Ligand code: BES
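Take a look at this single chain in structure tokens; it is the form predicted on its own.
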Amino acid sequence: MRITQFQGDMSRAKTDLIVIGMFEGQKRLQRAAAKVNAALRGGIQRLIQEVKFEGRRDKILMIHTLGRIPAKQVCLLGLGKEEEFTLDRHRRAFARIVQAAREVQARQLITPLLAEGKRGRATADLCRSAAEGIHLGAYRFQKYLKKEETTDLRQVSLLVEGSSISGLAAAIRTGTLAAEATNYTRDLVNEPGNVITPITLAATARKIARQGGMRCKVLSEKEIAKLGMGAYLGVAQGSTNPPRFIHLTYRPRNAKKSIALIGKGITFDSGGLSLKPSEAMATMKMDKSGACTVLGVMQALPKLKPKVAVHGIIAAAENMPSGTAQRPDDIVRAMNGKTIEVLNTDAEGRLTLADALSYAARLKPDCMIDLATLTGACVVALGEYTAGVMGNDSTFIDDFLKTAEKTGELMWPLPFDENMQEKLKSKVADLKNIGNRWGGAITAGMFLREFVDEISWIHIDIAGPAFSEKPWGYNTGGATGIGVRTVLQYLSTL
């Protein structure tokens, strides 16, 4: 889809749809909308009064122009209360615009930026959020559906009245690239386990490296064993699909800092011998969401060109029950030498991450971020829409959460409680892989802390928001691509 800038009178523009935003309780139309209303002989204002359109959030009112202006239809979009209208509401409003356009089969539309402020000045942030909302809201995963003829939106023109358009094109491009990276991640997560295995995930990483001029190292089962990644191999040993360890490297010439991104890459999680109930297995293709986020970020880096070296690391495996599967009570040795008593084979993600983090720590990056659909306990604590953030560096956490606030990705800090460390103590090994039923997200994070070697590190538990059965906001159902936009924006600050 093409996003362009438009300056001029919307009422004279030849297009399928004009979209006008209205705040709740707003009495007068903004100047650009007032011109359209005048061209329609006051028809918009009269209809607002007749149907009592109040501008409530996400409500729409379609008006046919009857040929009085070149545009075929006008859409009034409710924006809710003006004092509650944030940058993310702006992003969500543009996702709603795309949905409204699809409903009336519009191929092109024109709309003002919806929060230009009292002086009518468009900003780079508004252009970027509009571009993100448009592309995120337009996403659909229909690869395996019977193809039907559809009318898709092809062009959105943003009215930037009273502003210089120079410089805003870069913001639109940045927003577009961030949203496209998110949609790339969504596609990977939505692919089922019979399509994405550790081997095909590694092939995807190689393709990303080839297209972006990056390095990609993929380790086989024997090479993984040679590095002493016993925790990771223990998870993988029950599947006929062998594991693959992936290390992508983006290294610009002027990089002064380095960061490691580690993603949980369980391409399908049955729970192993600690078998999940069948209904809990139905969406377990999403257990690779952290890895797919890393791949989405990595494929965007050569286009966005941040001045920081980035390592993308994934310990890809399938967690399956079989005669060779890991057993409860097994003891495994991680890459950093620590032994782990496996009490539950469905707490497998932390075992693969233990070795992935140990590997990343040997690279001596300035900081590390891991993303993982790690615990149901985090969903219980924070709900389905919010990721839990924890780590060993409060400044790092604060900075990252401020970035998440700008991107609209919901994240919330969780504490490490040293009183809970005893829950990870084992009588027969250095650690056990689960605590008791209390504070499971926190004890999982504290388990991971044992493998980061004092490097500044953040753990993001995305178990809740990574996948949604129902649409919400600019998430259209299925994989959400949580984390991609926040990580990309954070990297741009380094």
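Start at 1 and count along the sequence shown; that's the residue number. Remember, it's a predicted structure, so these values are computed and weren't measured experimentally.
What comes next is about the form predicted together with this ligand, which does not appear here.
Here the chain stands alone, but in the predicted bound form its contact with this ligand, taken as any heavy atom within 4.5 Å, falls in 281-289 among 94-102, 176-184, 396-404, 281-289. Proximity of His135 to this ligand in the predicted bound form: non-hydrogen atoms within 4.5 Å are absent; the residue sits far from the partner. Under a 4.5 angstroms non-hydrogen atom cutoff, this ligand in the predicted bound form lacks Gln299 among its neighbouring residues. For the chain shown alone, Thr249 is not a contact residue for this ligand in the predicted bound form, no non-hydrogen atom being within 4.5 angstroms. Looking at Ile434, you'd find a heavy atom of it within 4.5 angstroms of this ligand in the predicted bound form.
Residue Ala463 is the only one of Ala463, Ala33, Val452, Ile44 with a heavy atom lying within 4.5 Å of this ligand in the predicted bound form.
For the options Glu348, Glu409, Asp370, Asp355, the residue carrying a heavy atom within 4.5 angstroms of this ligand in the predicted bound form is Glu348. For a residue to qualify, one of its non-hydrogen atoms must sit within 4.5 Å of this ligand in the predicted bound form; none of Arg244, His311 and Met335 qualifies. Residues Thr373, Leu374, Thr375, Gly376, Ala377 are the members of 353-384 with a non-hydrogen atom no more than 4.5 angstroms from this ligand in the predicted bound form.
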